[in-house]
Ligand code: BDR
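The chain below stands alone, shown as structure tokens; this is the form predicted alone.
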């Protein structure tokens, strides 16, 4: 099983990603970063997910804000705390440290071949790579949820995770580490909808019911903003790229992030030109997912883990 550190900002889809990583991979540890909600909230959400699903891993909190830009959250998507919707148990767990970057550096230096799976802004990963450049040659890969080869979701062209900290994304994209990108053009092929909520409720375990309530709340938020009741189940795609690479088709491409454009800041520019016209590839760009198989794998993981926690 692939050994994985998940760097996250839960968020309903981050919670699903943690469950999938723990079931199909060997979840080594969890680090948190401010993003979907402020750092304290997303850290508590990560701890609650581990508690509810019985995941015996340390959680280390990390960067509270981006490298350069002011903090930016997404209460309109996930609620003010990131976990709007379900009735949640009292939190019984606590963080192992507030030094996520140090944890990443020490852990990767202590074990070659770990996978990093960032499902939030890339601040922690960029800081670790900047402080310890040797890490890029020690990791098996960095499979991140972020960016888009088409439209954005928090601007016309920028996806939320990259828009929150484009400077961090630029550092990671230029690091030389093996990079696997699960952007919106991929994740919008794998939907959260009322059918998935029903399937989660049918599992009936306490963990599955929490995820069902989170997903239903997310769909309510989408509907309130005038959209149809569906959306991408983004973050598990970054995990499945590691644990089930046959589910996602990747093509090597060059990806840059726009830092300066007044209308395009945070845009990931994915060079899809063929042959020598394109720049040297630096990313395995995920562009097609078998959504039926991905859905079955997520439900399998949730069912297996749903009765394991408190």
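Treat the numbers as computed from the prediction; the structure is a model and nothing was measured. Numbering follows the first chain given and starts at 1.
What comes next is about the form predicted together with the named molecule, which does not appear here.
Colleague: Under a 4.5 angstroms heavy atom criterion, identify the one residue in 103, 115, 190, 160 near the named molecule in the model of the complex.
Modeller: By the 4.5 Å heavy-atom cutoff, the listed residue in contact is 160.
Colleague: So which of 153, 217, 230, 81 gets a non-hydrogen atom within 4.5 Å of the named molecule in the model of the complex?
Modeller: The option sitting close enough to the partner is 153.
Colleague: Test of understanding: in the model of the complex, would residue 36 fall inside 4.5 Å of the named molecule by heavy atoms?
Modeller: Result yes; residue 36 sits at the interface with the named molecule in the model of the complex.
Colleague: Considering only heavy atoms, tell me if residue 239 and the named molecule come within 4.5 Å of each other in the model of the complex.
Modeller: Answer no; every heavy atom of residue 239 is more than 4.5 Å from the named molecule in the model of the complex.
Colleague: Residue-level contact is defined here as any heavy atom of the residue lying within 4.5 Å of the named molecule in the model of the complex; does residue 235 satisfy this criterion?
Modeller: Taking the distances in the model of the complex, the answer for residue 235 is yes, it comes within 4.5 Å of the named molecule.
Colleague: Whether residue 184 contacts the named molecule in the model of the complex should be assessed with a 4.5 Å heavy atom distance threshold; does it?
Modeller: Yes, residue 184 sits close enough to the named molecule in the model of the complex that at least one of its heavy atoms falls within 4.5 Å.
Colleague: Quick check for you: of 296-304, 283-291, 8-16, 21-29, which stretch puts a non-hydrogen atom within 4.5 Å of the named molecule in the model of the complex?
Modeller: Comparing against the named molecule in the model of the complex, the contact stretch is 8-16.
Colleague: For a quick check, can you give me the residues of 135-152 that have a heavy atom within 4.5 Å of the named molecule in the model of the complex?
Modeller: Only a single residue, 145, comes within 4.5 Å of the partner.
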